[in-house]
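Starting off, we have a lone chain in the form predicted alone, written out as structure tokens.
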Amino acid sequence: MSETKRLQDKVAVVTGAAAGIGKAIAGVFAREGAHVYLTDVDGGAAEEAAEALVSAGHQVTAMTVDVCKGQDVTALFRNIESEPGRIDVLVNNAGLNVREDFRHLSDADWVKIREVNLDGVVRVARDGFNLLKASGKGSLVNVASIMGHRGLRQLAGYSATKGAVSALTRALAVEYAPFGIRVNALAPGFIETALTERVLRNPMINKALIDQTPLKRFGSGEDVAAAALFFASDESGFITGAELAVDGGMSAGL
């Protein structure tokens, strides 16, 4: 008898899914039986990531989506409205960072961080509401960060936007609950991705961060994807408004 997959026949959307954490989440969801809409601002990379999963026999649709552009987000959801007509799991993962001392952070860089990390999350969560509602028990997962709750040099802009995502998650959990939609957040610590590569390859910073991490290693995209799968599945059916730290214990040791 074949094993039942945890997201069998569910429809999932993952933003920023061409690389890093988003790519890992899309892969896990696809392998667990979901039809995944793998979206990214880099359409070519999204196609490449999707092709690898399709070749393995999974249902994946790649789309070029810049979450900063309302027309891109509208096009994504209109595409899904006609068929399959619902979203069971929506993961707000697209994000970026500009490392800079706050006193030198330009208006342009601040706007860039805010437009992706916060405005994009707001837009996707708002405009995806009707399709999540159509599911009957939709799950919205926002990717925040432990940096939304702690301070670190050159991350003020990033921390501010991720803290806002945490607050937004709690507010939407209350507002969306009457419609059967659960809203939770993931708060990754230091995960080995292209976004953190420049920092983690500095030996002094690497050692300092490992020393602050009780499990004595950095996370992988698969670590975060496993947590996302829990929030996406029916196993977390009585959980909403929660934030799960995926950080090897770093935030517990503060």
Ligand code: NAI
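Values in this document were obtained by computation on a predicted structure and should not be read as measured data. Start at 1 with the first residue shown and count on from there.
Missing here is the form predicted together with the ligand; even so, the following discussion is about that form.
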query	finding
4.5 Å heavy atom contact, Leu168 and the ligand in the predicted bound form	no
Contact of Ser145 with the ligand in the predicted bound form (heavy atom, 4.5 Å)	yes
Any non-hydrogen atom of Tyr158 within 4.5 angstroms of the ligand in the predicted bound form	yes
is_contact(Val89, the ligand) in the predicted bound form, heavy atom dist at most 4.5 Å	no
Proximity to the ligand in the predicted bound form, single hit among Val111, Ala177, Leu152, Leu96 (heavy atom within 4.5 Å)	Leu96
Contacting member of Val41, Leu229, Leu209, Leu53, with respect to the ligand in the predicted bound form [4.5 Å, heavy atom]	Val41
Candidate stretches 209-217, 27-35, 191-199, 53-61, one within 4.5 Å of the ligand in the predicted bound form by heavy atom	191-199
Those residues of 16-51 which, in the predicted bound form, come within 4.5 Å of the ligand by heavy atom	Gly16, Ala18, Ala19, Gly20, Ile21, Gly22, Asp40, Val41, Asp42
